[in-house]
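Just one chain follows, in the form predicted alone, and it is written as C-alpha cells.
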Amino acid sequence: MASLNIDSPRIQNIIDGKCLDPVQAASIKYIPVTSPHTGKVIAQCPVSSPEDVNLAVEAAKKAFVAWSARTVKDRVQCLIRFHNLLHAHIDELAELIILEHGKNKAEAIASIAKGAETVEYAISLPQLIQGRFLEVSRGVTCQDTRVPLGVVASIVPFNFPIMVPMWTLPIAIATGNTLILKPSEKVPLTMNRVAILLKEAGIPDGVVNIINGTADAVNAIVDHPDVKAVTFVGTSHVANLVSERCHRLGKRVLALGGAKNHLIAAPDCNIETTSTDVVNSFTGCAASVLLIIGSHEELLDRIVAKASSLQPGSQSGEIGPVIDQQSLDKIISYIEASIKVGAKILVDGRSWTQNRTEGFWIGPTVILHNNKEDKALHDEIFGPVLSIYQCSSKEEAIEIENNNPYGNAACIYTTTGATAEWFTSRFSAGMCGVNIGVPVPREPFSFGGINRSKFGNFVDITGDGGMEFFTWRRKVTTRWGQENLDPKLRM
C-alpha cells in the first residue's frame, strides 16, 4: 500500500488496502480542506460516488469471510499492535488533528488517548464475548454465542477526528465485522493516516475501508444492501434522517445526535474547582449552559477571570480556532442575538476575530441571560460560548434541564451527597456527572444519551453497548437423550 502523502493536494479513498482515486476521477468534485488556523487550503477531499461505495463494500464483503473465521483472540492481536502504534505516533497524529481541526495540543492528545481506551476495551473482548452455556434440564443444554453482522458502516463528524471513529472501529472489527468508515469531509487527514497504521498492525486488506465524501456517499452507504448496520454521529436532524432511512430498509442503526449539556452549580459548590471545570468544559465545546442556583457572584467572578485569561493558539492551555467560517458566523450570530434580547456579555470573544487577519478565531465568550427563552440557552452552538442563567431554586434549575430537547449529559457541582443524589436522579440525560463537567463514562461503561441525542436501536455506542450492537446472538438448544443413540451404544 502506498504511503499517503499528507502534503498532497488530493485525499484518496482507502479500499481493499489501496489508496485509490474515485472511480470517476476525471469528473469527480473535490472539496477544499482548510486549516482553521489560517483558512488556507491544506488538501482536497473527493466527493465519492455510489460506485466508490460499492467498491468498498465489495472489498469488505470479500474480506469478511476470512476475517470472521479467525478467532477473536487472533483478531485482537492486530489491535494490540495497533494500540502500540497509536501511542508511538501520538505526536504525529496530534499534529494532524491540530492542523485540520484546530484543537490545542493537550486536547488533541487527550482525544487520541480516549480513542485508545476503546481499543483497549476491544482487546479485552476474548474475556467478554465468549457467550453462555447451561444445562437447563436433565439432558438438555442451552448455549449462546455472539456472531458478527457482516459489513458495517460508521459515519463520523468533524469534532473529534480520531476519538469518535475509535468509538466504533475497534469493537466492530474485533467482533469479526468488516467496516466502511466515512470521515467528515472537513477532517479527512487523520483517519487516512490511521488507516495506514491499521495496515501496519496487520489488519488485512478490506477489513477497514475509508470512503470520503458528503451526503451522497452517506446515502449510498446506508442504502447498500450488503451494509448490515450503520452508526452515525452528527446533528440531531441528520441523525433522525439516517435512523429513519435505515429502519425503512430494515437495518440496525445507532445514530447519535446533538447535545446541549447543562452544568448546575449548587450554592455549596467548591468555587475554585467548579470555576476551573466549567471553563475547561465550555472552552472545549463539551458543555454550554451553566445554571447557578442563587446569584453566586464569587463563582461568576472566578469564571470570568479564568475565561478572560485564555489566549489563542495551539499549545496546551491555549484555545484553538473553530472549524470554518460557517461555524464562526453561526457563533457570532448567537452572541449578537442574545445582546438584542437584553443578555449581558461578561466575556466577549469576538475581539479575537477582529484582531486576527486569517483563520476562524473566536475567544471564550460568557453570556449572562435574563430571558429563559433566549435561543443561545437552547440551541446547539458548538463553540466556546457559555450561557449562564441564575435560577431561584433547584426546582427551577432541574425544570430548565429537563425541558431541553436533548439528553446527552448533565452535571451537578456540589459538596453535599444529598444534593448530588437529588439532581442525578432527576436529570433527563444519559450521562450524569457530579463535579465532572464532561461525564463521559470509561469502558466498559458506554457513551450515549437519550431523547433527541440518540436515535435508532437503543444501545450505547462504546463499551458493552458496542459489543451488543455489532453482534447477534446465536442460541443453540441441544438434547442428547438415550433415544438418540445407536441401540448398540446405549448403556
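We number the residues from 1 along the sequence you see. No experiment lies behind these values; they were computed from the predicted model shown.
From this point on, the text means the form predicted in complex with a small molecule, which you will not see here.
Only one segment in the set 192-200, 343-351, 306-314, 234-242 has residues whose heavy atoms sit within 4.5 Å of the small molecule in the predicted bound form; it is 234-242. Taken together, the three residues V156, E185 and S453 all come within 4.5 Å of the small molecule in the predicted bound form, as judged by their closest heavy atom.
Only one of the listed residues (G258, G284, G115, G359) places a non-hydrogen atom within 4.5 angstroms of the small molecule in the predicted bound form, and that residue is G258. The partner is absent here, but in the predicted bound form a heavy atom of G213, alone among G176, G320, G213, P364, sits within 4.5 Å of the small molecule.
At the 4.5 Å threshold, heavy atoms of W167 reach the small molecule in the predicted bound form.
Proximity of Y389 to the small molecule in the predicted bound form falls outside the 4.5 Å heavy atom cutoff.
Residue contact with the small molecule in the predicted bound form: D379 places no heavy atom within 4.5 Å of it.
In the predicted bound form, the small molecule sits within 4.5 Å of a heavy atom belonging to N408.
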